[in-house]
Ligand code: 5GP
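So this first bit is one chain, no partners, the form predicted on its own, shown in structure tokens.
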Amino acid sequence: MNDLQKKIKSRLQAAQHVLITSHVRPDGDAIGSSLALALALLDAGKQVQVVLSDGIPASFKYLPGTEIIRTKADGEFDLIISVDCSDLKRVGDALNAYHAPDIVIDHHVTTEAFGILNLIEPEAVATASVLTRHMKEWGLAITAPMAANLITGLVTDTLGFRTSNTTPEVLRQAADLMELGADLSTFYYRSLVQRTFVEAKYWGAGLSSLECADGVIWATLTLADRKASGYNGKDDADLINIVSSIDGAEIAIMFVEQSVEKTKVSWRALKPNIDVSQVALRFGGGGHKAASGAELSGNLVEVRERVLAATREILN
């Protein structure tokens, strides 16, 4: 092990009360990575809280260990870990009244080193892949419940092993996790295919807003759309994955109104030579070359105009 791995192992072994957190509007990798690490530390005799400021979407409540997730921390901790989060502000309110993370584990190319120990591997397809690489080195055994969470992170961040950064290593990791008891077909279906009636109605509203011009395709979801469909989440219910599968554009964008003065934006590069993380950084966001996001202040119409103009600049 290199020096960083030794230090992380030492901190994990010494800790007794651990807080694990991740980013707002958590996805499959954030949830799966948080739970896998938490379950491993619980098995090692630690007291662990997983704190996600937005809680967990209903679509992931089938994962092993979700009952330990809470929206606010309670008590004192001798170790705080952030997983799958590119900067401190994206943690949301989870660390209010607590210090910044002691350990940051992530795979985003735009990740800031906001911890004391920062394990950032941007070549990894998911934070779940980073954990699968290193947990055994840290003395943490991977059992079937942990494997289920880790394979969910791999599946969701690669869109079912379809993204251009999918490597032989991640396929080997998936095979190893299957041998440990993870049912790939089940987690693939529940993470990427299965949708509720409410989510389908929400998608319908977004798809009816589709526009395409100058190499960019985009869709919009408003607060009114969320209310009309009955969708309780603050995200797009993964509609960006459908928008980005439509032929005829180079970049796909999803606009999701969060409030009258705030809009979440997601970008997807549809060609390997395009880096959407650079435009996301301009708006205070970040992510990967092929997939990035940001949350912008301003009303929906203003944000959409600014983002479309900046996105077309990188194409030109």
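When you see a residue number, it is the position in the sequence shown, counting from 1. Since the structure is predicted, the reported quantities are computational estimates derived from the model, not experimental observations.
If you look for the form predicted in complex with this ligand, you will not find it shown, but the lines that follow are about it.
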Close approach of Arg90 to this ligand in the model of the complex, 4.5 Å, heavy atom: yes
Heavy atom of His108 within 4.5 Å of this ligand in the model of the complex: yes
Ser292, heavy atom within 4.5 angstroms of this ligand in the model of the complex: yes
Residue contact check: Ser53 to this ligand in the model of the complex, 4.5 Å heavy atom: no
Contact residue in the model of the complex, chosen from Ser191, Ser86, Ser129, Ser244 - any heavy atom within 4.5 Å of this ligand: Ser86
Per-stretch contact check against this ligand in the model of the complex, the hit in 284-292, 55-63, 244-252, 31-39 (non-hydrogen atom, 4.5 angstroms): 284-292
Any residue of 194-220 that, in the model of the complex, places a heavy atom within 4.5 Å of this ligand: none
